[in-house]
Structures are given as C-alpha cells and as structure tokens.
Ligand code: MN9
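Just the one chain here, laid out as structure tokens, in the form predicted on its own.
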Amino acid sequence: MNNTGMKGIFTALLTPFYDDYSLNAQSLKELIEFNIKSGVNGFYVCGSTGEAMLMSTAQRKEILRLVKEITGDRVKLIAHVGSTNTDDSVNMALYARSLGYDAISAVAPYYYSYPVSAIKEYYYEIARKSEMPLFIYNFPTGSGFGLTPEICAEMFGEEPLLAGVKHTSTDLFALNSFKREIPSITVFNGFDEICLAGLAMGADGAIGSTYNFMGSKFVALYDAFCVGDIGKAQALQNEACKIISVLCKYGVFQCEKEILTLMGIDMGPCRKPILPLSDEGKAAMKEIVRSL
C-alpha cells in the first residue's frame, strides 16, 4: 500500500472571491499565511469547502497553481480533483502532479447512480494515469456513494496507488474498520464536530473547513490527543462544537467567510446557488469573532 506519511491537521481551504466570482489572489495568500501561522500541517485544496463543484476546471486549476506558488514546500498539499467526469478528474490530477502536489483526492462521481464497479474504475483510472497517491473522499451525503469496509478492502487490495480515505461521515465504526483492516493506509476524519472522536477511532488526522479560522484550536486538540491529555482535547472539542452549532444554523460556508472577513481577510461571497448570509447570521458571526 502507498503510505504517504501524512497526518495531523489539514485545512479544507476556502476560496475567496470578488463580487464577480473571480479569484481574490491576495486574500487567498493572506488566508494561507494565517493558517500556516496557526500550525496546520497542510491544505486540502479545491474540495467541497472550496466550492470546487461550482467552478470550472480552468478556475480550479488556477487555484491549485496559486496555492502551490504561495505555500512552496512549507506544508503538505492534497488536490481535490473529483468531478462528474473521469477525463476532467484525470486532467486535473495530471496538472496537480506537474505542480508538485503531494497527493490527490476525489469524491465519487455524483448525480448519476453508478454501480460499484464503475466507481472503482473511476478511482483506478485517476490514480493510474496520474501515478499519484490518491485519497478516496468518502462523502455519502454529498456523492450518494458510501465506502464500506468490504469495498475499501477490495479497492486497496487491487490498486497500490490508493493511499487512504478522507472520511466525511458520522459512521465512525466504518472509519475504525478502514484503519483496523488496512493499517498501512492514511485515514482523515472529515467532520469537524467529531474530530476528537475520529482520532479516538483510529484516524491519522483530520481535514476540516472550520480550521480556516480555528486552525490553532484544532492543532492544539490534535497535539493534546497525541500526548494523552484527553481532558484538554475534550475541552477544545467542546469549544469548537459550540461555534459549529451556530454555523450550522445559518450556513457553514457563508458563516466561515463572514468570520474571516470580520477578522480582516476579505473572503467575498459564496457562489450561487449558495444563498448570502442573513443579517441575523452576520450579527451572530460578530459575536463569534468577539469570542475567539
């Protein structure tokens, strides 16, 4: 199996836009530098948090390029290349490889209902044509496909370039099964509100969207867990969950962008059809920023 050696806290990077939805490169740089200063181990680029599924392939490539230019070799980078089209995914994977990304990831092809055999071939083709370690992005509520321990064992047994799983699911028994049955792979927890639980069930690290503005909190949580200070880790998880519960009420991505804008990094709007943040939501985000 292809063990990337990756672990720790990876920020699922938000994408800052101008009002016309062109990329705000200056804000992207500020966001990356803020996160690196907070101590995160890497970035998951152009995933769900980054609104990649609402962008063209060309714009996703622009973001991949700029993130690599800004970060250099300071942190690990995973490029999300998943799409509804295998050829587009392969194209983006090859581009990520040319830029020097450490790994790629892909959500299962969505919209159409595919048999498991087609989904397996989608992943194999992306990995084999790019010759890069690939993380399966297991996001059942988003893609309609749920990776089971049985399918996982088959796939990782058949393709050595499959490196691990980004597990964005509350099914922590499945997460534990992935890691327990195939110890050599890397498994990242995906839901921020259960980061500590995911680590306790065997995750090597976590990839999350609220790390964009709470990276230092989750780095401290991860460090506390690693040295066995579960009380401190639990307290930090509780603090994060209190904030996350408010974000879920008003719209997570809109709230995260509003918080960062209030903190001095102009994130701009989310792409349509994501709705703008309500006035009530904006007021709530001001309170969160005051509490940070």
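One-based numbering along the sequence shown. Please read all numbers here as calculations on a predicted model, not as lab measurements.
There is another form of this protein, the form predicted together with 2-(acetylamino)-2-deoxy-D-mannose, and it is not shown here; the text below is about that form.
- The partner is not drawn, yet in the model of the complex one stretch among 244-252, 22-30, 66-74, 222-230 has residues with heavy atoms inside 4.5 Å of 2-(acetylamino)-2-deoxy-D-mannose: 244-252.
- This chain lacks the partner; the member of 168, 143, 186, 83 within 4.5 angstroms of 2-(acetylamino)-2-deoxy-D-mannose in the model of the complex by a non-hydrogen atom is 168.
- Taking 124, 114, 95, 191 one by one, only a single residue has any non-hydrogen atom within 4.5 Å of 2-(acetylamino)-2-deoxy-D-mannose in the model of the complex, and it is 191.
- 2-(acetylamino)-2-deoxy-D-mannose in the model of the complex comes within 4.5 Å of a heavy atom belonging to residue 137.
- Although the partner is absent here, residue 130 lies well away from 2-(acetylamino)-2-deoxy-D-mannose in the model of the complex, with no heavy atom inside 4.5 Å.
- Although the partner is absent here, residue 49 lies within 4.5 Å of 2-(acetylamino)-2-deoxy-D-mannose in the model of the complex, judged by heavy atoms.
- Looking at residue 12, you'd find a heavy atom of it within 4.5 angstroms of 2-(acetylamino)-2-deoxy-D-mannose in the model of the complex.
- For the partner-free chain shown, 207, 208, 209, 210 of 205-221 come within 4.5 angstroms of 2-(acetylamino)-2-deoxy-D-mannose in the model of the complex, judged by any non-hydrogen atom.
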